[in-house]
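Just the one chain here, laid out as C-alpha cells, in the form predicted on its own.
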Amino acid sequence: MYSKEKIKELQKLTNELVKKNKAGSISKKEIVQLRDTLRYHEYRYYILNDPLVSDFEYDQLYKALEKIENENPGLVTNDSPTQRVAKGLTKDFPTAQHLVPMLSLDNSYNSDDLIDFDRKARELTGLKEIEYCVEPKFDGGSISLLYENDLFVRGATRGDGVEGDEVTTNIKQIRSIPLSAAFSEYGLLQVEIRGEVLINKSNFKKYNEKIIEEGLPPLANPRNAAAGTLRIKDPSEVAKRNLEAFVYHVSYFSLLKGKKVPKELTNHSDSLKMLWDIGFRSPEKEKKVFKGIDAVIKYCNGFEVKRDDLPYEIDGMVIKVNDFALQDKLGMTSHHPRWAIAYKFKARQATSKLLGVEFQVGRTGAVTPVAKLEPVGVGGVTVSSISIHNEDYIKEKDLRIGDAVLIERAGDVIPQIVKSLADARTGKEKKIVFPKTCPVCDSKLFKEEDEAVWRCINIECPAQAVERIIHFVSKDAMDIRGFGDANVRKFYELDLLKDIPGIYTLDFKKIGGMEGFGQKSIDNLQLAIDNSKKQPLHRLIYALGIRFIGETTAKTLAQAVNHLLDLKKLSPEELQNLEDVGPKVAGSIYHFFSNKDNIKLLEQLEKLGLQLKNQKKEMTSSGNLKDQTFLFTGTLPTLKRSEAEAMVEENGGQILGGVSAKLNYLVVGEDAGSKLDKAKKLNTVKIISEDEFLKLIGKK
C-alpha cells in the first residue's frame, strides 16, 4: 500500500505534526496531511500489527483533526478517520441486496471428499491438474462490502445470501476496514468484496472478563460474539468489542471508462495481494498456492495442528480454484460454487451428563453455580466442571440435573454449555434450585434489580475474607506496609488472621516464630498497623470494599457525615443527592449499611481504635475553597495528584470524579487528556494551571 519513499515521508510528517500539536500550531491547511498520517498509523496498527507511534500520540493527532473539523465542518470528508464514530442508536437495519449472491460453501471432512472435489473439477474443465489457492476458513460473521469511486458506501451481513441487513455504521467501527481504498489505481469503479468479521482470542477473553465482573454471563464463543455484534443498535458498544475483519474474495467489479480488467483480477491469489496492497487485511500472508490436490491435503492436515497458535478462531481451510476463468467455467449450483470447498477441522463439541451443581462464593460476594459433569474430552482438554454463571442463565438454557448437555470449547476459550438435549430426557431429571442464603455463611442473598447475579453482602463471609483483607490493607486503602498478599494468605492459612478486625489483634509472638519474620519486620508491621488507625475516614470507607465505591466516592461519603454510622440513617433517595452517587451506587451503600453484621464490624473497628469520625469536616467547613469543586488532569509541574487533592480538601473544597456541570475548576498539567476537551465544551468550567490553583489557596 505504501512505497518506501511514502513511508519515510509519513514518518517524518508524523514527527513534525506531533511537535506542532504540542505547540498548538497545526493549521487547517494541514488537514490533508493529518488525515493521511492517521490513516497510515491505522494501517500499521490494525493491518500490520506493527505500530510506529504510541497510543497517546495517535490519540492527540486524532483530537487535533477532530478539533479542526469541528471548527470547519465544510472540510470534513466521508473517508476521514473521524467519520467512523457514530452518534446515537440505529433504529432499524434496512435490507440490502448483494450485487452477487453470497452462496454457502460445500463442506468436506476428510481427504476423500477433497479428492472427489478435485476429480469433478478436472472432469468439468478437461484439465489433468488444477492450481488451487488454500486459505484459513475464518470463524466469525460473514459480510459484504461495497466501494464506489474508492469510497466505502455500504456494508451488509450475509442474510439469506441474496440480501442481508445493511450495517454500514457498525462496520465503520472496525478499524481494519478502510473507509477509502485505491481501487481506481487498478481501473475499478465499483467493487463488492466478501469478508469475515472476527474477535481475536485475546480481545474476546478481555471482554468476557469485563462482563463477568459486571455480573453478566460471558459470550459463548468468538464466532457468535462477532456475528451478534454486527446487529447491535448502539455503534459505540460495537466499537468496544474491538472487531477485526479479513476480506477474502472480490465478488463483483465494474471498470472505469476505457479501462481493461487488471491482471490482479485474473486469479484469486493475485486478487488477495491487491486487497492487501491497498490497505485491507486479506489472508495474503496465510494463503498458499498448490498444483494438484495431494499437496493441498498435506497442507490442510498440517495447518489443523497449528490452529490453536493463531490469534483468531478458524474452523477449517477453504480450497479455491485459483484461475478466475476456470471458476467461471465451473459455475455454481443453486447452493454453492463448484470451484470452492471448505475442509472442516475436527469438531470441538462433545456431549456429557450434568451430575450436579455446586454454588461458589467469589471475592465480591457473587454466588456462581458450577455444573459438575461426567468428564469428557473437548478440544484437547478434559472437562468436568463448567461455570453456568447465574440463575437467569440456568433458566434460559433450561438446565436440569441429569440432563445430557452439549459442551463447546473453542481454542483457549473457557468451555461452555451450549444447550441441554431436552429430547433425551427420561423424566428423572431434577430442576436446579438456586439458594436464597449464602452457601458459606448462611446470610440472606441480595440481587440488584438490573442485575442477574445474587450476592452475599456479609463482609464477614469467610469465602470473601482473604480478598477483603488484602484490599483493606492495600496502599490506596489503609496502607499497612509489610502486609502484602502473600503474608495475608499465609496468616489466614495458619489461623492467625480470619477477618478484618483480626488485623488489630494479631499475635505477634506467634508470628515471631515464623520463618522470614525477624524482630525488625515485626516491629515495622506493628507500627504500620498502629498508624493505620489514624487514617482519615475516606480511606476506611474505601478499604471496606463496598461495591461500586472508589476513592472519589469514598471522599464524597466521608464529607457528607460526622460519623461513618450516620450513613445507615440515609435512604437511597437521600444518598443520590450526594455528588456522583447514582441509583446503583446508592443501592449498594444502602444495603451495606442495612446489614447488621457490617454494622457490628464497624463498631468493632471503632473499639479497636480506628477513626470513624470525620475529623476533617469541621476543619474544612470554611476555607479559601469552600463550596468549590475541583478536578485535576495531566502531569502537574511540581505537585503530585494526591498532594493537590489533599490541598483542596484541607481548604474546604471537594474533588469530583469527572467533568460535569457541577465542576467549578479543572486544573490542567502537561499531556492533559479527554477531561480537558470535555471541559472546553462546558462554558461553566474554569480551566486553570497549577500556579493559578496555588494562588487560589494562598500559596506560591
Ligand code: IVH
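Numbering starts at 1 and follows the sequence shown. Bear in mind that the values here come from a model prediction, so they are computed numbers and not experimental data.
Missing here is the form predicted together with ligand IVH; even so, the following discussion is about that form.
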Please run the contact check for S571 against ligand IVH in the model of the complex: heavy atoms, 4.5 angstroms, yes or no? no
Is there a non-hydrogen atom of G279 within 4.5 angstroms of a non-hydrogen atom of ligand IVH in the model of the complex? no
Interface membership of H389, ligand IVH in the model of the complex, 4.5 Å heavy atom rule: no
Please check if D403 has a heavy atom lying within 4.5 Å of any heavy atom of ligand IVH in the model of the complex. no
With the partner removed from view, which of 336-344, 576-584, 454-462, 542-550 is the stretch that lies within 4.5 Å of ligand IVH in the model of the complex, judged by heavy atom distances? 336-344
Among E166, E408, E135, D118, which has at least one heavy atom within 4.5 Å of ligand IVH in the model of the complex? E135
Could you check which residue among L103, L256, V153, L608 gets a heavy atom within 4.5 Å of ligand IVH in the model of the complex? L103
Could you run down 307-336 and flag each residue that has a heavy atom within 4.5 Å of ligand IVH in the model of the complex? V318, K320
